[in-house]
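Coming up is one lone chain in structure tokens, specifically the form predicted on its own.
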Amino acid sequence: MKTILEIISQTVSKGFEEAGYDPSYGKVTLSNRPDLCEFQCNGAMAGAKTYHKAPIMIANEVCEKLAGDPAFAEISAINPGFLNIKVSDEFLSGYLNDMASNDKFGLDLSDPKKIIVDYGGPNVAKPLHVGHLRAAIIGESVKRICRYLGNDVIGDIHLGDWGLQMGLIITELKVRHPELPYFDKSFTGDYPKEPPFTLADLEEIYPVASARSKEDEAYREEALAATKALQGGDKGYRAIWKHIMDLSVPDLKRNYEDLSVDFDWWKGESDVDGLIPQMVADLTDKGYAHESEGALVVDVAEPSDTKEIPPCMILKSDGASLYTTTDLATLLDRKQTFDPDQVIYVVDKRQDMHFVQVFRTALKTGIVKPGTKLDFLGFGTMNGKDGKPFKTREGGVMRLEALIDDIRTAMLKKITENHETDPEEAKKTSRIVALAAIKYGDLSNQATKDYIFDIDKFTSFEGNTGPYILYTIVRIKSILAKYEGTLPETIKAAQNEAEKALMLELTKFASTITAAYEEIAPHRICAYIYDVCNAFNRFYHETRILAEEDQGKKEGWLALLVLTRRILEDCIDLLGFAAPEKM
């Protein structure tokens, strides 16, 4: 189904052609002066030089050809040569009825691709904290948007389970419990099935080990050696690693489930370790990798670069692998397993150079197939009201569980203050609304920008917030639930200006979702649904919907509300949250 802009542009292009001009000048855009018109065409301005005519003359001629077209309520030529357009109520209602009867409201689902979205990226053995929030929220939305467009999409958590944090834990555990069989090189029996530590122990061990490694060089060297030994196949260290994974992964799954974030592929750096030796050998044999200051690197600088792009390091001087190594091996694994057309990485924007190097290496060396689209969506920092990275009141890094609990508590307080409601029902609703507050508060900002995480603002029922969006949807549900009988399906011509404004906002659905997909920009959907909600609430306050005595008018309005609710519910699902039945 064509977008409304495509249909109007097609009609105006025909008018240009009939007036003797190139039809390509008939492209129509949304008006930048909505007080004057709904759509506009500036083609006459562009064609003036080609045809050696005043733009207003061209615009008038096109206007004459389009006079009487049923799609337009008004079309006029305005100096110095703009075409101002208002569509007819009948054309608009017809378009919305087509949207309502089409799958996904007429969205073009052609040309499906195999896409992998790499997001999450937590290190195991550590609790999720607020720094993990943006990757999870943005990545989940990007995955859902890609899938909504008909693509075959795999969400990959890409666990950090093979790096220095493992060596640090092993080293600290050895300091505390040197008697454990994992550290006895002569041990030949079976290692214990139960781990010698709990999840809480791990969460205490890692920060202690990390802090000590920054002060004690010998300790750090031992941790690096332990990391290399783990990666090299040390049986005792591999057994400890398995204990860590068995404790950490279920906890991560529980935390992500709390955020309504769902991964299809639970693999990590360790899963591609076996691919690295052959990959490195291939890069070397084919002349891509060479030694530089003892390390193995691939040159990725290009003549067109405006800044220095250092070589991509494949192995350190001691032969140990790096994040670049495991990321390249992961791309190789994905090629062999899924053969994707596109891989989207949702990672902190400070990793930009890393991904420039990885992408260039992968494309240059054939680790990915030619034409594979590799995208890096680097997100900004979530800050507190002081403009600094979000912290606890004590100044520490806030655990994600604690942040979610704080938002839920704030929402529960507001819900119980505003309404008398069953305590259990209020608790259930507060969880739903809190998730919307968190996700919308993040996604309504452009991903690449830093933003202020303001609990008071994000939990407000007014303004551009998740609770406001949900309150609007619940209001629509309430109106529809009060109607006695089968809900009407046919939208009718607008009866007032507020109704037409809502209808016009709804027509932007397909172009909004397409733009969010092509630009990897969930914030576009947030901006769209905020406009739709504002338009609906204006219509609601100006129109007595259920009290209307004219049954025809009432049925047309109710059908419009049904479409509005359906579109809003699809949109918030793309953002990763849902609406309750009552608030």
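All residue numbers are counted from 1 along the displayed sequence. On a predicted model such as this, the values are computed, not experimentally measured, just so you know.
What follows is about the form predicted in complex with a small molecule, which we do not show.
Using a 4.5 angstroms threshold between heavy atoms, P488 stays clear of the small molecule in the predicted complex.
For T507, no non-hydrogen atom is located within 4.5 Å of the small molecule in the predicted complex, even though that partner is not displayed. Remark: Y323 counts among the residues lining the small molecule in the predicted complex, judged by a heavy atom distance of 4.5 Å or less.
Interface residue remark: V280 is not counted as part of the site for the small molecule in the predicted complex, having no heavy atom within 4.5 Å. The listed set G236, P340, G121, G106 contains one residue whose heavy atoms approach the small molecule in the predicted complex to within 4.5 Å, identified as G121.
For the candidate set I415, A494, L247, V347, a heavy atom within 4.5 Å of the small molecule in the predicted complex is found for exactly one residue, namely V347. The partner is not drawn, yet in the predicted complex one stretch among 479-487, 396-404, 440-448, 351-359 has residues with heavy atoms inside 4.5 Å of the small molecule: 351-359.
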